[in-house]
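Single chain ahead, written as structure tokens, the form predicted alone.
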């Protein structure tokens, strides 16, 4: 194994990407490309578990690619591709399925949580961790950035890789979780964790008026303007901190604690910081939207590279299992 680590991550095209996606996953993922070999995929197979409209799925998948590229992903450093462009993944999924105890899947909390939220149970939703394992193992990934809510799925992946290697010999790389000590938890406009499921998001990209309107809806307490306020309990300040430098954070904290500043002023400051932070990204996104052929070409080059790597691992799996 080389000194360079291969990092694997994916994102579902389940809706418009928002600040929670950016600070929680996208920004850290883009930073990793500077010192690692990164494989990032758009998880359109995973999105099928909720049977989205076909046209909407295609649109959302393309938009995920545009957003990542606009935010700084470098296709010369990172392999970016659609999951469904890699035919080796379903093949490895089946092999792993034949090694997966049903009880292991029954213990996965993600399936239970989604069904509890009203999502209709189906086989794809139940076996989601096996497909996720194939995504990771298909490219010999060493590191997988995960949040605490996905840690169990990475443990399933490690378990299946070890089961395979015990049964057929050392073939698959057993990956390690890359869990950041400080994962950005971005509050939504209602104070809960920002999530499309809660319909409380502030999008990364979109019309300025729409973004400002959403920021102005962020829930705050009823402290009068003239009185001091606690920045550490304020959703507006929590988001502002993610974009501002240390001096700006200190100055904003002082405005909160001194009194005389209304929450409307804080929200306007947040909106202005948002515009400053994402100005270059917004310009780049406009350029990409005018040249979708370039985006498609990047995705195809990424898929070619991913297929090349995947084919090597699948051939090893087939040889080990007697399929070839």
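Numbering follows the first chain given and starts at 1. These numbers were taken from a predicted model, which means no experiment stands behind them.
Omitted here: the form predicted in complex with a small molecule. The next part is about that form.
Novice: In the predicted complex, which of the listed residues (252, 86, 144, 160) lies with a heavy atom within 4.5 Å of the small molecule?
Specialist: By the 4.5 Å heavy-atom cutoff, the listed residue in contact is 144.
Novice: Could you spot which one of 269, 57, 43, 261 gets a heavy atom to within 4.5 Å of the small molecule in the predicted complex?
Specialist: Spelling it out, the residue with a heavy atom inside the cut-off is 43.
Novice: Quick one: does residue 111 come within 4.5 Å of the small molecule in the predicted complex, counting heavy atoms only?
Specialist: Answer no; every heavy atom of residue 111 is more than 4.5 Å from the small molecule in the predicted complex.
Novice: Flag residue 317 as yes or no: does it have a non-hydrogen atom within 4.5 angstroms of any non-hydrogen atom of the small molecule in the predicted complex?
Specialist: No, no contact at 4.5 Å.
Novice: Would residue 128 count as touching the small molecule in the predicted complex under a 4.5 Å heavy atom rule?
Specialist: So residue 128 counts as contacting the small molecule.
Novice: When the contact criterion is heavy atoms within 4.5 Å, does residue 150 count as touching the small molecule in the predicted complex?
Specialist: Residue 150: contacts the small molecule in the predicted complex.
Novice: Of 99-107, 118-126, 134-142, 169-177, which is the one stretch near the small molecule in the predicted complex, taking non-hydrogen atoms within 4.5 angstroms as near?
Specialist: Partner-contacting stretch among the options: 134-142.
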